[in-house]
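What follows is one chain in structure tokens, specifically the form predicted on its own.
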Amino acid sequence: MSDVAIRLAGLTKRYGEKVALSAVEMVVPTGSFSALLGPNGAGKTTLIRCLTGMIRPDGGAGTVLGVPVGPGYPPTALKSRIGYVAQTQALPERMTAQELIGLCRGVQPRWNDAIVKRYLDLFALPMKQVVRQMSGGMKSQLALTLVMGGQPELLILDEPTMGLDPKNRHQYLQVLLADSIETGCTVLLSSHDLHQIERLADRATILVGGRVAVSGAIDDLKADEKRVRIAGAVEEAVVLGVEGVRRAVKEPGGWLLFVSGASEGLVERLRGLPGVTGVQVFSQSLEEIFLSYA
């Protein structure tokens, strides 16, 4: 088994003149719990649709579980290895959970009834209630149950917790984390719930305007991305000329800087600028890092 579940190099997708994805570079290690983050319209769903074979990219290259993304993708043999839970569930409205489980059991070669029962018990899903009578949250829980019953090697989820209250959202994500650790399943999760993501995921990729703004292990991102407040009369061009400073926001009496790849000598370099009277360095949460890019 490869140590990389997803590898993308220069992936591009256009809709007419609109560029939805622009030269996307991304690596998702096997067994990782990775988050795909970005504001609305950033290209997250388009990227997921490329990974699941719903649409074909216009350029670049990539592999998913070792299979090249391109013409004929995904082959039949790959489909049973990937689980996908969409933002909006498209479950048959007139079928019950029990009927859907029977249907999926018949087409999934890796089906596991024990896993399905565990999820059904955990979510307390009604077996004989038809889908159209279920809440949005219950549909999300049922969709995850059906997908996990197939024991996927790669699980891709696009905003799967929409419609869940905070308690059920927490439960949903916790069980995903536990299962990914236990089975080695790779998880790629698109979500706006940054507080939960910071607690659960080990990697994050932030998309902005169809481009990857930053990507890596969350611990590394938090170590590299800093906010720095400097006091004093300094020209904007001077502070932006300091290595690592990618953005400067004027404040009364100084500047608030956003720094990437913060090094040990950063504070000394800033203190050495003419007119600087004080420097403060602040760590950032994942949400603050996201907001600084988005």
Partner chain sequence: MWYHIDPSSGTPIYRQLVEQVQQAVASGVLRAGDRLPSVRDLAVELAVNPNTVAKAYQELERAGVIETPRGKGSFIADRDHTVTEEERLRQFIEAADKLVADAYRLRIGSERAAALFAERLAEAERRRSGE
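Positions refer to the first chain, counted from 1. Remember, it's a predicted structure, so these values are computed and weren't measured experimentally.
There is another form of this protein, the form predicted in complex with its partner chain, and it is not shown here; the text below is about that form.
In the predicted complex, its partner chain sits beyond 4.5 Å of every heavy atom of V85. In the predicted complex, at least one heavy atom of Q284 sits within 4.5 Å of a heavy atom of its partner chain.
Residue contact check for R199: one or more of its heavy atoms lie within 4.5 Å of its partner chain in the predicted complex. Put simply, D165 is far from its partner chain in the predicted complex: not one heavy atom of it is within 4.5 Å. Checking 140-148, 98-106, 205-213, 178-186 against its partner chain in the predicted complex, the stretch whose residues place heavy atoms within 4.5 Å of it is 178-186. Residue H195 is the only one of K79, H195, R110, K117 with a heavy atom lying within 4.5 Å of its partner chain in the predicted complex.
Of the residues in 205-228, those that come within 4.5 Å of its partner chain in the predicted complex through at least one heavy atom are, in sequence order, D219, K222.
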